[in-house]
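The chain below stands alone and is given as structure tokens, in the form predicted on its own.
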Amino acid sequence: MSTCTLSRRGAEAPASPIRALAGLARAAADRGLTVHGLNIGQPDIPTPKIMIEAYRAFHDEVLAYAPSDGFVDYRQALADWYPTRGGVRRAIDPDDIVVTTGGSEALLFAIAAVADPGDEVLVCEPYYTNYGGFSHMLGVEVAPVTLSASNGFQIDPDTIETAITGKTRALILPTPGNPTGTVLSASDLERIAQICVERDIFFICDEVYRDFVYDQEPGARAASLLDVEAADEHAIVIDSVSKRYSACGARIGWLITRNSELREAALRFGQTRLSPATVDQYAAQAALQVPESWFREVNAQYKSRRDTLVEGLRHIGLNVPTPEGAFYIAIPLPVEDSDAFCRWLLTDFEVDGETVCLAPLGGFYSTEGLGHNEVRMAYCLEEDVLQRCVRILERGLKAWPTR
């Protein structure tokens, strides 16, 4: 037996609650069940053809490295897209952008650039699990502000201000939220940015779901931190092609900051990992030509799916908030242990050869004990499938043995 031991960082690395049940889901499928995956935000909407065509059009004889911060033509195209078609009022310089391997790497670079081991980043829980995963990797502590399903997981800027301490180096906040679907108003976003400036902490704003907001005028997008001029030296925006273009496998994201020192730090991290994917950047640049009509059609589909799921869950007696954006809903269940319940759905339960895979919400919290009776559901599937999933959940809750 080896006497080598893992680092504490490696031994204590948290498993992703989003993917933790993937093995059980595969085993259920191997037994012949149809497993509806509501645990992962993997859209079933076809990737725009212009992206696929860009992959097919690549015929270079050598698949070479890209520049560490991404192709300048792509960064220029991104900088042009935001104020012309991306709903941002202010101009962006291509040198404000660092292209990354997915939005996840942009998040990693951002945390690494602003926080040292032992520092804290502030999050609103429940939060996207990679905020905690990357913080753990870097030896950075996560300090939570707890939100509540009872008021739709709304965010109070004053509560954020109260939570800032001498150890706080940054606030990480998504809008629209994952897993809550909460969308910050322009005024609340500006107020939170003002707090970060006044308290001299960085504001890492995760905007990968900005295109998906509901109950607003057609073509609306969530407010962007890029439009808050007073926060330029403190603001870092995370973005990605994954959700915007239903292209999660493309693995192209980017970090935007007008703070030149911070941008330089992110570039140096990028140099360490050499370069973002070459061919994927060509496809991502082609995607910038996707017409606005495509986004409106996709938004309409997600809104309809949201309404179907919310109505179905309420019909079976669950008190659920209505998400304002993204394509997730965080809900309480009448169980004491949602993790055990989700596992049981995959190992011991089915309805006519079907079952569901949900994401237990406990791993989306830092506060011990919270989320134990909550799950996240992604409404990335067609409405008839979502309706079947609700029926499976209803029957599962009735059949779930008391434990």
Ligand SMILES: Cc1ncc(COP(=O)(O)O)c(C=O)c1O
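Note that residue numbering begins at 1 and tracks the sequence as displayed. In this text, all values refer to a predicted model and were calculated from it rather than measured experimentally.
Absent from the display: the form predicted in complex with this ligand. The rest refers to it.
- Put simply, of V99, L122, L107, A266 only one has a heavy atom within 4.5 Å of this ligand in the model of the complex, and it is L107.
- Exactly one listed residue, out of G132, P276, G103, G181, brings a non-hydrogen atom to within 4.5 Å of this ligand in the model of the complex: G103.
- Using a 4.5 angstroms limit between non-hydrogen atoms, S242 touches this ligand in the model of the complex.
- Looking at G270, you'd find every heavy atom of it more than 4.5 angstroms from this ligand in the model of the complex.
- The closest heavy atom approach of D206 to this ligand in the model of the complex falls within 4.5 Å.
- At the 4.5 Å threshold, heavy atoms of R305 stay clear of this ligand in the model of the complex, well away from it.
- Figure note: of the listed segments 138 to 146, 217 to 225, 171 to 179, 312 to 320, the one touching this ligand in the model of the complex, with heavy atoms no more than 4.5 Å away, is 171 to 179.
- In the model of the complex, this ligand lies within 4.5 angstroms of a heavy atom of only one residue of 315 to 338, namely Y328.
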